[in-house]
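Starting off, we have a lone chain in the form predicted alone, written out as structure tokens.
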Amino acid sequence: MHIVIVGGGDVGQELAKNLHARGHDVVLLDKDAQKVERLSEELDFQVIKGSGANLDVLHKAKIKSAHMLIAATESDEVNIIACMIAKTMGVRYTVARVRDPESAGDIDMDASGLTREQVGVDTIISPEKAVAQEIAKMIQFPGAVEIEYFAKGLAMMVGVYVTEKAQIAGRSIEDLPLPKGCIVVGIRRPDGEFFLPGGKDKIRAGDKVYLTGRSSVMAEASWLLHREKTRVSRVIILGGGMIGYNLATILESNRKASFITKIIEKSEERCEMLYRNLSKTTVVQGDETEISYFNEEEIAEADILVAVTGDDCTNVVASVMGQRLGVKIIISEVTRIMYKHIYDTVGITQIVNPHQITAAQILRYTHKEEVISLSLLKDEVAEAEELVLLESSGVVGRKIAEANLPRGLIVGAIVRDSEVIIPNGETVFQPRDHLVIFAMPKVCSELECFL
């Protein structure tokens, strides 16, 4: 598939590398000459200098033969214009990264009353909204550092750190007292080694363990590994930007749990907007002094501290302060991946990277329509997918043990007629099965051929 990516920032680079590794013909555009020169030396696919909103530049990228255009620059306007031009040139599918929803309107109409088809954008991805949704899942499932739902919430995957309190260190996976309805599909050792385990592999304290199975048993399963139950009531959000605002909106609309939510924001103008649009969230303005912004009394009362100021240094300071004050759970936004090592050093495990989350959302649209969802793991190069097994698939009617599935792939769960099945070698694939797949990168590019 020929794919043109507009924007060579973190999101564009993540997408380009991932898609190229999967065998796609990728062309990356960026108007920064120095960045283009550097990327041309680092990457083994074509990088072109120029704007994605320029017709001549798009012609150089062979836009007429492109199956898809992904516009991921920092400018909403450039992204939308690039998609509009691409549509006029016959590109089948366009994806635009849009920070401000008002730039292109809601899911059906833009601010000018034009349909999305008329604008020329097939899919709009909002990074801030995507990050807020990810953080909301972490708040609603405390203890897990990664969460993904499948099959309309019937199945899920969680990533959990094994603590010393768990008292299961040294036990093999086949001997773990996990509840019926879930399995271990991945392990990351403290030294960074990551693998898909077998029954004889042993769990160690400090491991990051990935579980897949029925949503109804996942809380019990993760508790066995983590051994801590956290009651979440008070949520402090540091930063009232689009992520903080979207997160507060999600928490206010949650009918299953009642959160006491407070936003601390420096900007007076931004605080006024938050006052007008949030009904249950307390909004506190911090003045321009750091002491007020990092109000220890405000932070210390939180069950969860969410640092989403948009500035990595500020988020690091807030996270370390929250840890010192005894906040149970700290979730921090990290825009530059080099800051991740600081969090690792101080033991803060729950971080979100907007670029990676955005890239994962966009990657979903490069797959065939039977791929329902896709999640890139935070620390690993593996991914989790939900896909629908078509009648034409060669594995239909065959047992898993006889399907010749490649090494580096685990079928973690099968959802069939609203029933979540934890498969074994004797399980027979059936048409319309929803498969929850856990796969290493060498397999990801070939996954659709196998299934």
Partner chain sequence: MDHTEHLFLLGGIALLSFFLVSYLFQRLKLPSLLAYVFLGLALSGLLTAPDLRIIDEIARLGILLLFFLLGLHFPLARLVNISRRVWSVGFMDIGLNFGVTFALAYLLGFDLLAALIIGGVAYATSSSITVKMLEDSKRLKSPEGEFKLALLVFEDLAAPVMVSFLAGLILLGAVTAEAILIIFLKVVLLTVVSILLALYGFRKLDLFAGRYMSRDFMPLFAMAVGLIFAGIAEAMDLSKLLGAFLAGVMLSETGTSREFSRIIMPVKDLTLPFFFFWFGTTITLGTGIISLPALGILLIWALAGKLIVGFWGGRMYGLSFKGSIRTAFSLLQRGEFSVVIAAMAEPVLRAFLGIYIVVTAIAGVYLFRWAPGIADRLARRAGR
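Note that this is a predicted model, so its numbers are computed, not measured. Numbering follows the first chain given and starts at 1.
Note that the form predicted in complex with the partner chain isn't included here; everything after this is about it.
- The candidate spot formed by Asp56, Glu77 and Asn79 lies out of contact with the partner chain in the model of the complex, as no residue has a heavy atom within 4.5 Å of it.
- Residues placing heavy atoms within 4.5 Å of the partner chain in the model of the complex fall in a single listed stretch, namely 296-304, out of 125-133, 296-304, 331-339, 177-185.
- Although the partner is absent here, Val232 sits far enough away that none of its heavy atoms falls within 4.5 Å of the partner chain in the model of the complex.
- Interface residue remark: Gln285 is counted as part of the site for the partner chain in the model of the complex, having a heavy atom within 4.5 Å.
- When the partner chain is considered in the model of the complex, Lys200 lies well away from it, no heavy atom lying within 4.5 Å.
- With a 4.5 Å cutoff on heavy atoms, Arg364 does not count as touching the partner chain in the model of the complex; it lies far away.
- Listed residues Arg189, Lys165, Lys280, Lys152 were compared with the partner chain in the model of the complex; Lys280 is the one with a heavy atom within 4.5 Å.
- Listed residues Lys137, His355, Lys262, Lys87 were compared with the partner chain in the model of the complex; Lys262 is the one with a heavy atom within 4.5 Å.
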